[in-house]
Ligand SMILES: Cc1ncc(COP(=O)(O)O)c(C=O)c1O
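The chain below stands alone, shown as structure tokens; this is the form predicted alone.
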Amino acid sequence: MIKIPRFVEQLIPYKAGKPISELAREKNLTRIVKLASAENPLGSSPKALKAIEEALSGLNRYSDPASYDLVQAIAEKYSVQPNHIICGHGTDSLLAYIVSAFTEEGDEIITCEGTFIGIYVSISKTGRKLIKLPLKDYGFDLDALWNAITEKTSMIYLANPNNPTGTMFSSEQFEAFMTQVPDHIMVILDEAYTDYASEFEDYPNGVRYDYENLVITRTLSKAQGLAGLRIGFAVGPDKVIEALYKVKLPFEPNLLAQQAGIAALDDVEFLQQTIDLNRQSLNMLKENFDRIGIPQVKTHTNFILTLMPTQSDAALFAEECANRGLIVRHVDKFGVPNGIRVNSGTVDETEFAVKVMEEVYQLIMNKGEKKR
């Protein structure tokens, strides 16, 4: 019989947000709004869609393993040297490559309980030891992370802003942290929500730093609306990027993803529309959550983490919202058992979400009162 390593047997597969088609089949609903996966409610960049159409005739050819044109576009956009950039199939793919390239058996990787679940999977599937510290006020406790470093520590993972809590640490906090971390310890700075956080004055913006032990990951899935194509990139020292090319699958991102990414980076108008709508929708959600009495965490992203009294309440909340056609995300697997993440939508979607969430929250609270 084939032996499956123990650490693989113990893995829990990543569970994505429920697809609209699945809920439609289950509930036979006429209207479904999905605000569970931090997707762009405006759709995809129009320039990216046009680039995809123009690239279709080349599908018989393999994509460029070095993503030369996409790398050049990223380099120009963010004022980074091309040899400091590598592209892959989304942040998940890049995180897996970073863990694979820069850790060995017996190494320890430090992060927090209550952050992006993808990093937990990337670490655990390699058999590395994952150290998870508690969040502080729903954000990364940089002092605690630094104090947790041991001789076995080879890597630290940070998400800024954090997913699923939406919290952000400042430039000053990040720089103080990096001066304390030994140079031989790799620091991953996951900036998946950078396009939303950049409007905050004290946002660190990782690509402007040149620490020799820092690698930044970003995605075009969120603000650019290309989640279905899976495009991400990492920025780091040339030696780090050179090592990542050794472990990266050769033909990713695929041809359509590369061409769409180039066009999306140039679509300034679509990005601004996305940011404007996000701000409007989040303000609607915040104001109504305050009115209804739903606790929330201050956000710097395109979603808000709301807090239910208990884990079971959160599970029931997500279920009852789905029964009414609203898909939100219970983030217990991320490490926030009582958390519900809801992302921004169109004005109409947001109004629908508020109506459903108010009804369901009252149901939850009334049940709680009856139990007491």
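This is a predicted model, so every value here is computed, not measured. The first residue of the shown sequence is 1; numbering continues from there.
Another form exists, predicted in complex with the named molecule; not displayed. Remarks below refer to it.
Residues Tyr157, Ala192 and Lys222 are all found to lie within 4.5 Å of the named molecule in the model of the complex, as judged by heavy atom distances. Using a 4.5 angstroms threshold between heavy atoms, Thr91 counts as touching the named molecule in the model of the complex. Although the partner is absent here, Lys129 is not a contact residue: none of its heavy atoms lies within 4.5 angstroms of the named molecule in the model of the complex. In the model of the complex, the named molecule sits within 4.5 Å of a heavy atom of Arg230.
Using a 4.5 angstroms threshold between heavy atoms, Phe102 stays clear of the named molecule in the model of the complex. Comment: 83-91 is the region of 180-188, 258-266, 83-91, 276-284 lying near the named molecule in the model of the complex, near meaning a non-hydrogen atom within 4.5 Å. For the options Thr111, Asn163, Thr153, Thr299, the one in contact with the named molecule in the model of the complex, meaning a heavy atom within 4.5 Å, is Asn163. Of the listed positions (Phe270, Phe116, Tyr97, Phe174), a single one reaches within 4.5 angstroms of the named molecule by any non-hydrogen atom in the model of the complex, namely Phe116.
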